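First comes one chain, alone, set out as structure tokens in the form predicted alone.
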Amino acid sequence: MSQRTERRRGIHVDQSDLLCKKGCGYYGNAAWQGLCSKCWREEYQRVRQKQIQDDWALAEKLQREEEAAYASSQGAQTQSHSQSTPPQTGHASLGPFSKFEEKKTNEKTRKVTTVKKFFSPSSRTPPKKETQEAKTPSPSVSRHASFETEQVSKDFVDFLKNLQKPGREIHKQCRAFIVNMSSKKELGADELSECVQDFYQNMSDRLMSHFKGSSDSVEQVMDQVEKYIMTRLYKSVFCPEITDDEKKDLATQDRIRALHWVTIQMLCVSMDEEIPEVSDNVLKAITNIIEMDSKRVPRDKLACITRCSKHIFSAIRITKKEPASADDFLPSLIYIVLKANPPRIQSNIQYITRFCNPSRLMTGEDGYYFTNLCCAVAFIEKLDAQSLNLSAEEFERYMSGQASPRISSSEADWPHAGPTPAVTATNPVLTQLNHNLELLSGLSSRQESLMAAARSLQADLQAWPERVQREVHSILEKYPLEVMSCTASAIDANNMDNDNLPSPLTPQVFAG
């Protein structure tokens, strides 16, 4: 039991570790350094504001040094030279600084300018020429959009019709935002995420004032806004080329492939896949976590994670015949991720983190399950021998493929081993595979026996005519055929009883 406890400690995560490190009570995220989206945005803005202030201080310092150098050079020059060269020299020396100052000013006011563009009256009626120029390079707003995009747009318009005038205003703001985002291809992933989150926040505040504090109505509208916007922007913001998301995807995929030997017992998973209902829930959980990559909307991706997690809880409940605990859930989720090896898992996590409505990630079951998924992926990346209660030598042999837990000599000492430890301690898929191989081996031996019997029967059939012919010849030699001559005789010539018959009747004549 102590060995089981030690192994569980290797993958146990305190529920308090899932919460924001600042103690606000919301769920944290590894991508936000353990903070929730609200605290992360505040921290990000604070750090960025400090960086801008430092840049301004550096710019002012450089300006003072430039002015001092310029003043000293003026005093050393002659009067005639000072009259002919200072304007050009001053202009040349201050030119680079002017560009630097302009760049910092634009960077400092970018956020305010972005929000003003989204909600100012001038942005509601942009010039037709400017709008057309902005639409042309953007694939997300082209006329040749996919069927799914067109369907989402139609559903969004139908939904906004129920809101009447506010619906028309929301539609204008969303379209203006999409056009604006489509032209910001030079921005990084964090800047794009900040723009989207700013739009969510401002739209939510406007809706809150319109619906007079009805959070349910605001949440319903924001779900539709998120669906419409992210479906249109999906191709340009999911796994952008300027990030290393694809590199992380490949690294995680290779890592999971290398860990194919990890068994369900090593992770202390409370699921018995021999039970048909448990096996069915495991397959459904794997299907849902893989299906996440096919969705475009962050909320739909979260829904796949939630369904996967609920199937895991059902499998644990059926196995233990009691409600599942949080300590049982995380190892099971790790096991499902290892079995499924979901495509682009890192890109999907980053996409949800950057562009999902932050209220969904901070609270509720969606936020809880998503936080656990992030912990599961982080655990897989850092999984080592100690986490699985193995020695470093065993771990290296398993990782290199030189050995397998199924055929390891130490498997007999496994605490959960039953009458057949070599079979029960392995992955159920590998168990089924080996069982099928044994069946094939048995069928092969039976086929060989059958072919040998068929060849023997064929030889017997070929020898049978010769054997019958020899037997006939031997009988004929032993009992030769004699042909008796036949002579003609009366009908009753061969009747030996004729002597005992009375004499034949003679005819008598009677005189009349």
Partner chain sequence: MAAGGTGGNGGKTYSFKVVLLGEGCVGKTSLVLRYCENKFNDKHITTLQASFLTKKLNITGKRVNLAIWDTAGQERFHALGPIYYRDSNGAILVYDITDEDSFQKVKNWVKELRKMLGNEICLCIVGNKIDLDKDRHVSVEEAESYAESVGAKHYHTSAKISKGIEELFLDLCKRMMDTAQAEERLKGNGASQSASGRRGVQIVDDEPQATPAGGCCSSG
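Positions refer to the first chain, counted from 1. Not measured: the values here are computed from a predicted model.
There is another form of this protein, the form predicted in complex with the partner chain, and it is not shown here; the text below is about that form.
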| query | finding |
| --- | --- |
| Option touching the partner chain, based on a heavy atom within 4.5 Å in the predicted complex, out of Arg299, Arg344, Lys295, Lys310 | Lys310 |
| Proximity to the partner chain in the predicted complex, single hit among Glu169, Glu194, Glu273, Glu394 (heavy atom within 4.5 Å) | Glu194 |
| Contact of Val237 with the partner chain in the predicted complex (heavy atom, 4.5 Å) | no |
| Residue contact check: Asp216 to the partner chain in the predicted complex, 4.5 Å heavy atom | yes |
| Proximity of Gly188 to the partner chain in the predicted complex, heavy atoms at 4.5 Å | no |
| Proximity of Asp198 to the partner chain in the predicted complex, heavy atoms at 4.5 Å | yes |
| Answer range among 396-404, 155-163, 284-292, 370-378 for contact with the partner chain, defined in the predicted complex as heavy atoms within 4.5 Å | 370-378 |
| Residues within 4.5 Å of the partner chain in the predicted complex, restricted to 316-344 and counted by heavy atom | Arg317, Pro323, Ala324, Ser325, Ala326, Asp327, Leu330, Pro331, Ile334 |
